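Before any questions on binding or motion, here is one chain by itself as structure tokens, the form predicted alone.
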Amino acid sequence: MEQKNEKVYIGLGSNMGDRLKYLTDAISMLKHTEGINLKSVSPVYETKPVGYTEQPNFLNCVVEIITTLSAHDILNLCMRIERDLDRKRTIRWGPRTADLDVLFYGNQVIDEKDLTIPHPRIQERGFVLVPLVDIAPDFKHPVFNKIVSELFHQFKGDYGNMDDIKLFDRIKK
């Protein structure tokens, strides 16, 4: 049976310790996983925290990969990378060394107890939309049937005012 290559977008964030190193390490771990081809890495943005705001600013970026791994395998890989980078889950939306969220898995729509794709709050989060529009402005959201740049221009969410998002750095892929 032929394996299908899926285009996947993953959002990454960090707000503890050497934030840029945590992002770089997470991207390296993705890149060096069998069945994954890292295609692009957005610029890194510094953003104010949302939800639980009594914490340091985040660094956020988005990567595009091509993979033969299943959506569940990608989710498990993201969770393993978070653990390997010492993420502790103590406060919901609290400080973290590494946070990896599967945003899109091809054009698939998955709604299961442990996995929802597309990520259910992409359209509400400037800290996801800004780096996503950098690398995938024409990618069509399979539920809203709008391209990412349209979602970006319609953004009015409470999860990261656009004035709170600043270009921070670039990571080479």
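The first residue of the shown sequence is 1; numbering continues from there. Just so we're clear, the structure is a prediction, and the values are computed from it rather than from any experiment.
Same protein, other form: the form predicted in complex with a small molecule, not shown, and the subject of what follows.
| request: Please check if residue 36 has a heavy atom lying within 4.5 Å of any heavy atom of the small molecule in the predicted complex. | output: No.
| query | According to a 4.5 angstroms non-hydrogen atom cut-off, is residue 49 in contact with the small molecule in the predicted complex? | reply | Answer yes; at least one heavy atom of residue 49 falls within 4.5 Å of the small molecule in the predicted complex.
| request: Consider residue 105 of the chain shown here, and say whether it contacts the small molecule in the predicted complex, taking contact as heavy atoms within 4.5 Å. | output: The answer is no: residue 105 has no heavy atom within 4.5 Å of the small molecule.
| query | Counting only heavy atoms and a 4.5 Å cutoff, which of 27-35, 51-59, 143-151, 108-116 contacts the small molecule in the predicted complex? | reply | That would be 51-59.
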